[in-house]
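Below you will find one chain, with nothing else, as structure tokens; this is the form predicted alone, and questions on how it binds or moves follow later.
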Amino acid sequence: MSGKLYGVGLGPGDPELMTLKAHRLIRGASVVAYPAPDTGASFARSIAADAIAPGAVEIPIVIPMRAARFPAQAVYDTAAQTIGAHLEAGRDVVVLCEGDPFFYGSFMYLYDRLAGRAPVEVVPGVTSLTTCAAVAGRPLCARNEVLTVLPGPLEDAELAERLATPGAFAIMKVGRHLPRLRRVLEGMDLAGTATYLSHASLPNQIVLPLAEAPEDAPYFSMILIPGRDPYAAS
């Protein structure tokens, strides 16, 4: 007999942006796993803290948060082994995921390892992308306009090539790449319409024109470049 694995999206950080389904599954879970840094508290757990049942078995998936490379595959191999043992014993496991599990989410690595061994359900969550657009108060795109999502660590040449196409853009995983990204956008005359955001939906959220953004950005930050005015005439 196998338990069921749930990859549960928590949304961008505000606990009130968790879905009703996510809250129900977390509240009823006897085993809860979540990503955690090697120092400090787990952001994912902090979002869901009020919903985790007393006495639930907790499995921190410790992922070092540093620029240097680390054996990520070994981390997920170990986590899959631990979670798999609970599933094989017939216990359901809820894995907490910031944002959405399949939108730049680490749950996909556990999914690859466990989907063939137990039933899996992915519960989508509110993404940081849509949250950032909402708190910035700037619609990203309209009608047939294309939205392109780019990871901040892209090399300058590839980033510039993609930014040269029409449409709206969201640059994620900004972090330490912010000064370099700002230089690229300035060189393409895109910085003037760009908005910098960090910790969207949280009490310490920051929303600024890119020109006023700090030099040091946290991992949970984003740059939005809207397309044309969505209210302009066609």
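Note that residue numbering begins at 1 and tracks the sequence as displayed. Remember, it's a predicted structure, so these values are computed and weren't measured experimentally.
One more form of this protein, predicted in complex with another copy of the chain, exists but is not displayed; see below.
- For the options Ala74, Ala85, Ala157, Val146, the residue carrying a heavy atom within 4.5 angstroms of another copy of the chain in the model of the complex is Val146.
- Of the residues Met222, Ala217, Leu210, Leu17, just one reaches another copy of the chain in the model of the complex with a heavy atom at 4.5 Å or closer; this is Leu17.
- A residue is said to contact a partner when one of its heavy atoms sits within 4.5 Å of a partner heavy atom; Ala134 meets this definition for another copy of the chain in the model of the complex.
- Another copy of the chain in the model of the complex is approached by Arg162, whose closest heavy atom lies within 4.5 angstroms of it.
- The closest non-hydrogen atom of Pro153 lies within 4.5 Å of another copy of the chain in the model of the complex.
- Residue contact with another copy of the chain in the model of the complex: Arg91 places no heavy atom within 4.5 Å of it.
- The candidate spot formed by Lys4, Phe43 and Ile59 is out of contact with another copy of the chain in the model of the complex: none of the three has a heavy atom within 4.5 Å.
- The partner is not shown here, but in the model of the complex the stretch 87-102 reaches within 4.5 angstroms of another copy of the chain through a heavy atom at Asp100, Phe102.
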